[in-house]
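Okay, here we've got a single chain as structure tokens, the form predicted alone, with questions on binding and movement later.
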């Protein structure tokens, strides 16, 4: 079924991929949509106004101010008109401006004034895409403003590099904007518990046994699952401000208590947190004073939350675990997958400083209970999180099909 006609604002910024927007505007029109093109000042160096005007059957906008008499300022008029706003190509510069609320372009003024859903199709040099500031800006746009990202793809770039940064195809952009809501929200109706961060096991009121986990992977998964329609409960050792439920904990026992209290009501659990294997048998109520002698701290094992829940989960509940290893990565992960009786495990090498703990990127091996094996080469954790959630959808769908056969 063809999508209902929409008023689309297409913001074109200064990237070489701007030339592809001629075809995209034409595609929008063929589908019956009303398109208004807004160029950034530098975007005018990459595309011409006349063909965009002809293809869209509407004026092309660039300037904030006009000598013509208007009932509303142009940025308010377009902001109110829009059903959808697409920024494509979105450069690192325009992404940074959007994240910071800088209004030195017509399109950034429109974005601040609109209530329409905003989509972003980034395109840039691979190093610029992977840069910390770009990834933080993307995180802000997604988690704080609810913008939807159409991720760049891997390929040959105009700058001579090869890597992630190539703009998504027009076909993918169209599919993302107009896909049926039930497909766009494949986790709708599912309650998912996701854990994040490293647990802290108290030695005394100020000291603890912990690990280097930043919580970035778990948080990225929670964001992705929420964007896919899931009812998310994030159980985190790191304070987070999100528009889904976040329960803050410190120790492994606290995390276990929260998970077990919610587990019977959930459809899935993704244990991305780095849970301490051991804790002190007793924690001093007072700060332990420094003395001229060694002290001994006796440790006891923490419960293995994954193994406990893996044995007790219902048939249709899905559990995904993580395996952070420094050697025999795949072998150890496979053993954990089988021992804990979970549905999928994500293994990563913590001995590589550029990925894993505290990094914005990772490289993982995904193993499933039915024998699937997949390697995701180094990429932003947000992209890995999206892939994990896509795999979760696949497992749910497979579970439903198998149930129908019985």
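Positions refer to the first chain, counted from 1. This one's a predicted model, so the numbers in the text were calculated from it and none came from an experiment.
In what follows, reference is made to the form predicted in complex with a small molecule, a form of this protein that is not presented.
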Check your understanding: 305, 86, 219, 233: which sits within 4.5 Å of the small molecule in the predicted complex by any heavy atom?
Key -> 305
**Study point:** One residue of 379, 369, 29, 340 in contact with the small molecule, assessed in the predicted complex (non-hydrogen atom, 4.5 angstroms)
**Key:** 340
Review point. Any idea which of 154-162, 220-228, 269-277, 97-105 reaches within 4.5 Å of the small molecule in the predicted complex, heavy atoms considered?
Key: 269-277
**Study point:** 4.5 Å heavy atom contact, residue 336 to the small molecule in the predicted complex
**Key:** yes
Review point. Do residue 322 and the small molecule share at least one heavy atom pair within 4.5 Å in the predicted complex?
Key: yes
